[in-house]
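Below sits a lone chain in structure tokens, taken as the form predicted on its own.
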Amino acid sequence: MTKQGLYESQKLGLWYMVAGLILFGAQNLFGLLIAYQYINPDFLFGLLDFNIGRILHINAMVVWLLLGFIGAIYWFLPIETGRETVGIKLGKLAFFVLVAAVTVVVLVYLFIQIGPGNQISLWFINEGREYIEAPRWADIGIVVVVLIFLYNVIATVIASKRLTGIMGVLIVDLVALAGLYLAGMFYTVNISVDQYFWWWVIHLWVEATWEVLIGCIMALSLMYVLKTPRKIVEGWLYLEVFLVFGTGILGLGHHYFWIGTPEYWLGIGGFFSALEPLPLVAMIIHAIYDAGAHKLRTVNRPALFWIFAQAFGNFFGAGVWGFMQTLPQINMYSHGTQLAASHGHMAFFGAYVATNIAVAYIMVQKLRDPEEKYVFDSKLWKWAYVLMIIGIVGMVGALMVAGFAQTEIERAVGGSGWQAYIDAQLHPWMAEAMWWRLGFGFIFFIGYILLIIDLLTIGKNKEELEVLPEAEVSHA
């Protein structure tokens, strides 16, 4: 693969994306493992327990998505500013430090699965907070990497003397990305206070700051893939910032009720948490409408279809599925059931995974067709696209059925006691749903394998590609 015409920043972006896609595979494998262990708890018991596999599955997802986001910005930054990224050597150092840190943390998870909880384990083994189990030294490392990334972006914008609306939003968001993670890095003996700030990381760091970051990446991608005018994407991006940062804190309220805060938070949070994904969907629909004049003519078909998947996956996963269970009347019974896992799988796939894959195809096109003379296309990406969507929709549906069983049997009828929990776990709706979840997980993994094969081969045979009319060949 040639790297002709690439900025050093874009080469670094490729490194991040490749590392991310490898971790995406690890996330898939650990997901299949724990899906089977949920059905057969004896499998690998004592060697690789369910709780460790779950930690690795979730943390691999968080890290690979973050790697992809950083890679995407490094890719588009020189295009947006018209110059090489400032501090590129520091950015490369941060990449190797982050990859090394992730490797060390994974090995520690695998080899030290049990032990006392004390200051040593908190700093070097496992911090103990669900979803953000990374030891304290790794937490600090993540913040440092984000700060280096923030410096590179700000310094590049200043050096270019070109502060666009997208870059302005990105800089503000990166400050929040580094700052909000700090909320989960201090210890308090009061569990309600601890959980209060824990949600600031889980909800506002992963959902709010990431959602705005995705807005910036989607805006840049739409301008490339569909030649969407800047005023369209920036207008919707500003509305996204308003809704995410204006209502995101209020949206946290549907979690607050469960940790000892006043009852009114449940209703406030249930309403506002559903508003965040709407501007991104509107941005993409508006871009598609604007592109109708030239019949959705694009230089990159797989990237365009993954952008479609992002729009509607984000809307249904984060919006509809989230709103469906955050209404107070429902959340009283559904909180913490498999309905939450159903919502999470669809939301993360739609909002974040689809975005990274779209950018990956944009990157590969530049490698294979530097002058953009062809319509980037293949047969294999369609199979990967369909299988991954069938897989995720199937898993989401299976988890939703399981969640309904839990909500009815364990919560509404049984009153959340231990016997009610056991009754729900043994119910056929729950047991059979877990088998369906595993089966659709394998379908998704096959789609992932085809995706990687396609990214490695698409565009190599120029005879299979449609040649763009001379008038439509964009600048390389």
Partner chain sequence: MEFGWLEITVAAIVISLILGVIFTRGSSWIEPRFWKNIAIVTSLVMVVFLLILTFDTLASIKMGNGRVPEATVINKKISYVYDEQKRWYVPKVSGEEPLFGKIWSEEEALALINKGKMTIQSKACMDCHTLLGNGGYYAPDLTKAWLDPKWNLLIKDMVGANSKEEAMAKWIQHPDQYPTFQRKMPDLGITDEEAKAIVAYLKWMSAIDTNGFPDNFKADEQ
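Residue numbers count along the first chain shown, from 1. These figures come from a predicted structure and were not determined experimentally.
The protein also exists as the form predicted in complex with its partner chain; that form is not presented, and the subsequent description refers to it.
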Worksheet item: Do heavy atoms from each of G141, G439 and F445 fall within 4.5 Å of its partner chain in the predicted bound form?
Response: no
Discussion item. Within 4.5 angstroms, counting heavy atoms, which one of the listed stretches 41-49, 447-455, 62-70, 22-30 is next to its partner chain in the predicted bound form?
Written reply: 41-49
Discussion item. Quick check on G417: any heavy atom within 4.5 Å of its partner chain in the predicted bound form?
Written reply: yes
Item to complete: Report whether the minimum heavy atom distance between E133 and its partner chain in the predicted bound form is within 4.5 Å.
Response: yes
Discussion item. Quick check on Y151: any heavy atom within 4.5 Å of its partner chain in the predicted bound form?
Written reply: no
Item to complete: Report whether the minimum heavy atom distance between K366 and its partner chain in the predicted bound form is within 4.5 Å.
Response: no
Discussion item. If the cut-off is 4.5 angstroms on heavy atoms, which of these, F308, W383, W258, W137, is the one near its partner chain in the predicted bound form?
Written reply: W258
Worksheet item: From the list F272, Y181, F95, F348, which entry has a heavy atom within 4.5 Å of its partner chain in the predicted bound form?
Response: F272
Worksheet, complete the sentence: Restricting to 393-430, the residues within 4.5 Å of its partner chain in the predicted bound form through any heavy atom are R411, A412, V413, G414, G415, S416, G417, W418, Q419, Y421, I422, Q425, L426
